[in-house]
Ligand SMILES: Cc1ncc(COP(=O)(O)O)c(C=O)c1O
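Take a look at this one chain, the form predicted on its own, written out in structure tokens.
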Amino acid sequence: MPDKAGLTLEWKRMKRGLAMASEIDLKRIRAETPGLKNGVHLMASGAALMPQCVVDAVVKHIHLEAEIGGYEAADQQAGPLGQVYNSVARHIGAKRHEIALMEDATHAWCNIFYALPLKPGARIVTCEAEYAANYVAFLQRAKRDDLRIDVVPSDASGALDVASLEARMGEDVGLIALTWVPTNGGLVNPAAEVGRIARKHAVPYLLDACQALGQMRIDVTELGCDFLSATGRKFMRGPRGTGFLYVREAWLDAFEPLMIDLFSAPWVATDRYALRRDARRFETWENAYALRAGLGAAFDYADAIGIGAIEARVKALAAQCRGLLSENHKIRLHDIGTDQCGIISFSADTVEADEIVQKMAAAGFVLGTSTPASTRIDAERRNLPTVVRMAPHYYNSEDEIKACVRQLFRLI
């Protein structure tokens, strides 16, 4: 549980963040978020509420497919659909040809991880708070390809220890794979510092940005990552079934995708195919164009507001949550790191996490849980129970946070 000095710092951050985010037109944004009429939604870390423009983009394309046909709709909207690549690239500081649009972040991440050629005995270097879906993939490739998994310990704050990472580097390191913002714990790992080490030692660097996208600024050049994967449904406020993969251009011709089809690798002769020269070599021909339209609308909406203002407000609301929760001695905050994000993790002495979520939902407040299995190494190291996750977004109000905490205190 944070000490008083830490909580004082959080409150200062909250006030500073609210001042920085004052340019956000909260009244307009809330009016453009239809889901807010159904209660207080505090689960942006799972699937945030879509703005109306995202809903409209999806529905408009679906109607067009119904009216003229799926192929014809894609052809008619080829220009706007192609702009989605520009929107994603602009948001993360990349180039259009470095972006592949995927059906989810898991496919994006796995398309790179399983395709990367790693020699037997090579080490996959990762962190203690690595996400379960990634770690089980490490385990599979370690077993199948005779690789080793090297978990870098955390520093005193709970973040990946950069000095320890540097000390672990060697010729046998085949990949650094890091979850930037873990699924719980409020932690923001030092992704850019890891990137500097990866570049220094010429080691490929795969960054999972699922929980970072949409709540904080992303610049792939500053991060120094070679590959980055993310989903549209979380803080970016896009539809489910969307995601993307960034591949730094220097890697585009370095290896082949695990799977190809006629889109990623056209059949140019009876005995030969030719891989695309851009990141879309990791895509396949069939995809959900309506969802892509929604994803593009989500990026454009966030950029119109400004990611700086969004990040400031999210951090301010999270600081408010932590400050209010800390006032009850029955609450145990489980957040770590000196740089904390918009995901708040806690448990209660008297009520299990699942029961809290169920009862809060009945009262009109949407929260979530995270089990130890989602970040097993970190959870076992810290002896974590199943925790409640609260993840406010910039569309939430300070009054909603206060009302949620008041209702929670009634339950415990």
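Nothing here was measured: the structure is a model prediction, and the numbers come from that model. Start at 1 with the first residue shown and count on from there.
The discussion below concerns the form predicted in complex with the ligand, not included here.
**Q** Here the chain is shown alone; which of 279, 181, 318, 298 has a heavy atom within 4.5 Å of the ligand in the predicted complex?
**A** When the ligand is considered in the predicted complex, the option within 4.5 Å is 181.
**Q** Consider the chain as shown here, without its partner, and state which of 106, 77, 87, 284 has a heavy atom within 4.5 Å of the ligand in the predicted complex.
**A** Checked against the cut-off, the match is 106.
**Q** Quick check for you: of 110-118, 209-217, 250-258, 148-156, which stretch puts a non-hydrogen atom within 4.5 Å of the ligand in the predicted complex?
**A** Going by heavy atoms within 4.5 Å, the stretch is 209-217.
**Q** Classify residue 205 as contacting or not contacting the ligand in the predicted complex by the rule of any non-hydrogen atom within 4.5 angstroms, answering yes or no.
**A** Contact with the ligand, no.
**Q** Does the 4.5 Å heavy atom contact test between residue 334 and the ligand in the predicted complex come out positive?
**A** Result no; residue 334 lies far from the ligand in the predicted complex.
**Q** Taking heavy atoms and a 4.5 Å cut-off, does residue 138 contact the ligand in the predicted complex?
**A** Output for residue 138 is no: heavy atoms all beyond 4.5 Å of the ligand.
**Q** Should residue 189 be classed as touching the ligand in the predicted complex when contacts are defined as heavy atoms within 4.5 Å?
**A** Residue-level check for residue 189: no, no contact with the ligand.
**Q** Within 223-254, which residues come within 4.5 Å of the ligand in the predicted complex, counting heavy atoms only?
**A** 231, 233, 234 sit within 4.5 Å of the partner.
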